[in-house]
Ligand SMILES: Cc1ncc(COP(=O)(O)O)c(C=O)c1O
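The chain below stands alone and is given as structure tokens, in the form predicted on its own.
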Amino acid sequence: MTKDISLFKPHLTKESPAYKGGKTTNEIDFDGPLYKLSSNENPLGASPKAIEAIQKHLQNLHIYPDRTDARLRVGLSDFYQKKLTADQFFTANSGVGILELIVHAFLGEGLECIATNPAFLPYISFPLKVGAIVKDVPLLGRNYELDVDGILNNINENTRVIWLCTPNNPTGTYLPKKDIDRLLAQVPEHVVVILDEVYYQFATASDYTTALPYVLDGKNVIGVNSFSKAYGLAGLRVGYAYSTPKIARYISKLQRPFYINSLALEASLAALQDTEFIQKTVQTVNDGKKYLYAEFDKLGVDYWKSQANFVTIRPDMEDVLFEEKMLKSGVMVRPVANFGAPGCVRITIGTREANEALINAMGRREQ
């Protein structure tokens, strides 16, 4: 009897949650001003220094970019005031590209990771693509607190990765340092903890922490970042991460030559120098938060105060219906049921004009 041998990997033939980015404005048919508050993009556009760098290098598109990310890693080391060496960084084509590298480096068939929903969907969908097992230890209560004991109870000899996001997408909440401290004090050496901190520039809580102190202490921790949010370079797709030299060098083995295109590389290096733009961006977001909180209170909207550049609300109607009604007024928002927050809608903090358009749309919607 002929043995039945399949060409296809079993875990790729199964139905699994697929991450889909938010809609682009090109997909929306609307006659009038359209305000995109659905993808957490920078309301001010891109870093002027990054744009200048792109314009300077446009004539070199026929030339291959740097073979490696060495210059960007040196620039990142300088940005972190040399607290981290260049070989403690690794880069990728976007923040989700960093997550994908981590998955391929540590996960595979039979291995496990832990997610804490509500969470960024790639923490779940990417491991499933390589046949890994995802255990969900949900965040707790109204404030989405970390279930440290629940995570520790789900760690076994097959566990390799714990995904944490702070500030968290999609809730805008954060994980206090004391909770991360308690978790890391008990995580075994065969597990790496991921702190996705792509929104860290917007965090203002006194007990907020990035991955930096843990990496400096030699912990098995990776801090994940992106140039898409605060720097406004979402269209260029550049992400970076930092960890111990051992972990960073190990993951870098997965990179291929010419990993980052030349314009993205030059723009990222220039953006790291643009502190004025970052300050202006953060101020715009903070001002927008104050305005939206006050208006939400007037409208009686249920919302969570945010440490990121977006606010998550629970509208008094079905989330998809709310999305449709906002779109009728030219405002794009994002339901986040697929991120583990059913009934909730994530709204990017925009310019004053965009924020006012949102509030006007919410005020005049049909009940």
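We number the residues from 1 along the sequence you see. Since the structure is predicted, the reported quantities are computational estimates derived from the model, not experimental observations.
The form predicted together with this ligand exists for this protein as well; it is not shown, and the discussion that follows is about that form.
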Location of this ligand contact in the predicted complex, chosen stretch of 211 to 219, 197 to 205, 248 to 256, 129 to 137 [non-hydrogen atom, 4.5 Å]: 197 to 205
This ligand contact at Cys165 in the predicted complex, heavy atom, 4.5 Å: yes
In the predicted complex, Phe120 touching this ligand (heavy atom, 4.5 Å): yes
Partner proximity in the predicted complex: Arg160 to this ligand, non-hydrogen atom cutoff 4.5 Å: no
Thr171 within 4.5 Å of this ligand in the predicted complex, heavy atoms: no
Contact residue in the predicted complex, from Ser268, Thr91, Ser226, Ser243 (heavy atom within 4.5 Å of this ligand): Ser226
Listed residue (Lys289, Arg73, Arg237, Lys177) with a non-hydrogen atom within 4.5 angstroms of this ligand in the predicted complex: Arg237
